[in-house]
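Only one chain is given next, in structure tokens, and it is the form predicted alone.
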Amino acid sequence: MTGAARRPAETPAAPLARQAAEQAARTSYGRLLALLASRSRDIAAAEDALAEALAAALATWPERGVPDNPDAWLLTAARRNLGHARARGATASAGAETMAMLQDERDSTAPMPLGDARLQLLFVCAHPAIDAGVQAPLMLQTVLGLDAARIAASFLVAPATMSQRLVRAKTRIRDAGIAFAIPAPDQLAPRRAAVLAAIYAAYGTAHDDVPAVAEAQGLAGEAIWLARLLGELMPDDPEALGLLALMLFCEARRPARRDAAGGFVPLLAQDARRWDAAMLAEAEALLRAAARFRTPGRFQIEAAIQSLHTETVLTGTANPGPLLALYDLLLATAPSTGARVGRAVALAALDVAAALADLDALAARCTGYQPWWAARAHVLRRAGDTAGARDAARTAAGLASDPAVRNWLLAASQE
């Protein structure tokens, strides 16, 4: 045969090999990146090395077959890439790190740590030196491998802006020499709280997505995956359990939050038959497990509030007294404007005048806060002030970012 050599024909197993590479990238990205970055202290360089290893896997596994240990293969290849990159610009210290990584490669047959490196990476992303606004996006990119454009769309910023923020954060981690380690006991509480808050913030950006967008491949699913990871790595942390329970309560009801035409359906009007019963059962079990520690925190209390809302719909029986008590506990534990607005709505079932007075006390700080206007419309309607309720509903609609919620509020303002 003359001419250029032909590329070997793709084997029947090639699609499975590509699937194996993609699966390894999906399930092991965060662990592999954490292992690489914990040695190099350079997240960006570790990302580049891992990306090259994944590209090599997609190119070679379909022809040569899937290795017995795909994760070990990727880690070895990425370590080699990282070592070569450092060697090209080596200094004495960089050379020492390169030699250490080459030794890691020789030792790669030893069992790989599964969780500690990822937990360390989560705490690195929540370091006080990292701007709080970029902590959640940084976790999503480093632990889950989401690209900046996808993260930017979820956090409603331009892709270029998000990329710049992420680059600055990684540079800050490298230049400040932030340690890849679980914080000391005296530093653990605030960093742990930052990790939990960042994961919840990531989920919150997807909470109002339509069901088709926020399934397992959506940002909500990724945030829940992070919460599951944290629960596995910190099984004795009741707030980690509470956070996962809270998100599962909300996620289980997602299918019922839109009607057949895509219209918004408020919680008390939802068809509970459309809820995910298995997810609700898991949330209740997690909440009970967290309660055994007898150390209530913000996420446990918020999960308990969601549990009570769920029970109200399932049984058709309101529980305003217990609901108000939970809000009082939440305000004592983690006071916020949102919690105060929620308490006022709960109080309206018992004392409309007192609820309206509580909302009035928040008016100065809530002129642009959509939930406050929606709550005011609800309370004024209960008080019999139809005109006031309509005006508040129209204002709330104007501040709503979700078109379905906006339309529902506008319809309410016409009643």
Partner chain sequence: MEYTLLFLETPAEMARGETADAPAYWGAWTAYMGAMAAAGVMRGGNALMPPATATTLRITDGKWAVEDGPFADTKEQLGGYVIIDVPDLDAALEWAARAPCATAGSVEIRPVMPNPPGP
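Residue numbers count along the first chain shown, from 1. Computed from a predicted model, the values in this text were never measured in an experiment.
Not on display, but discussed next: the form predicted together with its partner chain.
Undergrad: Can you work out which of 265, 157, 182, 201 has a heavy atom no more than 4.5 Å from its partner chain in the model of the complex?
TA: That would be 157.
Undergrad: Looking in the model of the complex, any heavy atom of residue 400 within 4.5 Å of its partner chain?
TA: Yes - in the model of the complex, heavy atoms of residue 400 and its partner chain come within 4.5 Å of each other.
Undergrad: Taking its partner chain as it sits in the model of the complex, is residue 161 near enough to touch it, meaning that at least one heavy atom pair lies within 4.5 angstroms?
TA: Close contact exists here: in the model of the complex, residue 161 approaches its partner chain to within 4.5 Å, heavy atoms only.
Undergrad: Do residue 384 and its partner chain share at least one heavy atom pair within 4.5 Å in the model of the complex?
TA: It does not: once its partner chain is placed as it appears in the model of the complex, residue 384 has no heavy atom within 4.5 Å of it.
Undergrad: When the contact criterion is heavy atoms within 4.5 Å, does residue 298 count as touching its partner chain in the model of the complex?
TA: Because no heavy atom of residue 298 falls inside 4.5 Å of its partner chain in the model of the complex, the answer is no.
Undergrad: Spell it out for me: taking its partner chain in the model of the complex, does every residue among 165, 368 and 410 have a heavy atom no farther than 4.5 Å from it?
TA: All of them do, each having a heavy atom within 4.5 Å of the partner.
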